[in-house]
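Take a look at this single chain, the form predicted on its own, given in structure tokens.
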């Protein structure tokens, strides 16, 4: 009887654990899924349909009917999923004149992300004249919002290059300076070692604004203001301290006897470091690179203060959110585009991260 109770208790505990883990996963995944879904919606889906669909539409159904009271005019309608019927779409003055065909075609493209040529639209109007009404389906350009974001917000493409350059230099400076300092803390004993190791974290206690404001003057004097190099120097100050702590722990976990054995067989101190210790420390260095890249890629406050004409991509997304012509679905597309490089970089080095956190080999 006792064994049955213990078995039931284990089953309940395991089921509860699964429910908690699934709940946490859903809490993390669902907002990202909704953001991605919103980035694929058209203007009409974003502002005219409620509740919002879980999945964006791939095809859109339209209906064109003549207005009997006005000769040569038509009423454009679109299928509304929330109301389960056709609702008015576009301006009321949808005339059959050739000069208005381009206007209507552009409106359909901008408002529903569906593309239709003037010739096709004219053929549909001719069919309406014969049959009285015409229903047609257009395939939506699902990723049109991403193209519109980089077209509408000038400088977005260049800002991506600025962000990549800043992130690359930040990773390099963080790994080179932080890695060497971490090795020194792990291998050498000197006076004030513990105090110095603790003091490197003090810089992370200050808010970014407190550091960015005086750096405007310093970078301006040395000619690095509004440049990726100057921004990477500011980011490196924050990331070097974290890299020192991570790499120091990693190097402490690598036996010093391996370097000594390598030196016995003729290797120099530097050669033993590069041939033995450094390859074993790659997982820790990959973790430092991941933190440095994600921080420098997504950081906004310092970049907002220290850039003016050469902003990073997060600054462009931030400004688009505050702009007078802000459109939620385009901002969602910019946010997803901002997240992609960090996700790709993390997936690229994932095997080293997994080796560090649990010794898993991929």
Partner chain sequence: MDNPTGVLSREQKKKIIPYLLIAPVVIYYILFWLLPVVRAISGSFMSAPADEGGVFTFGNYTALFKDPVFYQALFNTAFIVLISVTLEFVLAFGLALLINMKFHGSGMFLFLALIPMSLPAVAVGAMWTSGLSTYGWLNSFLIRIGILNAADKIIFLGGGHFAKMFLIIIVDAWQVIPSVMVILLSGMQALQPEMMEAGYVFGGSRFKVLRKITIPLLKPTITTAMILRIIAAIQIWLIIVMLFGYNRLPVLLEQIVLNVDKYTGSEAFFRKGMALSVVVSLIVSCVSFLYLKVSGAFDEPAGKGV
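Keep in mind that what you see is a predicted model, and the values were worked out from it rather than measured. Positions refer to the first chain, counted from 1.
As for the form predicted in complex with its partner chain, it is not shown, yet the points below apply to it.
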**Message:** Please determine whether residue 255 contacts its partner chain in the model of the complex, using a 4.5 Å cut-off between heavy atoms.
**Reply:** yes
**Request:** Mark residue 85 yes when one of its heavy atoms lies within 4.5 Å of a heavy atom of its partner chain in the model of the complex, and no otherwise.
**Result:** no
**Prompt:** Using heavy atoms and a 4.5 Å limit, would one call residue 236 a contact residue for its partner chain in the model of the complex?
**Reply:** yes
**Prompt:** Is residue 142 one of the residues lying within 4.5 Å of its partner chain in the model of the complex, judged by heavy atom distances?
**Reply:** no
**Complete:** Answer key, its partner chain contact in the model of the complex at 4.5 Å (heavy atoms) among 219, 116, 101, 156: the residue is 219
**Asked** For the stretch 184 to 206, which residues lie within 4.5 Å of its partner chain in the model of the complex by non-hydrogen atom distance?
**Response** 184, 185, 186, 187, 188, 189, 190, 191, 193, 194, 196, 198, 201, 202, 203, 204, 205, 206
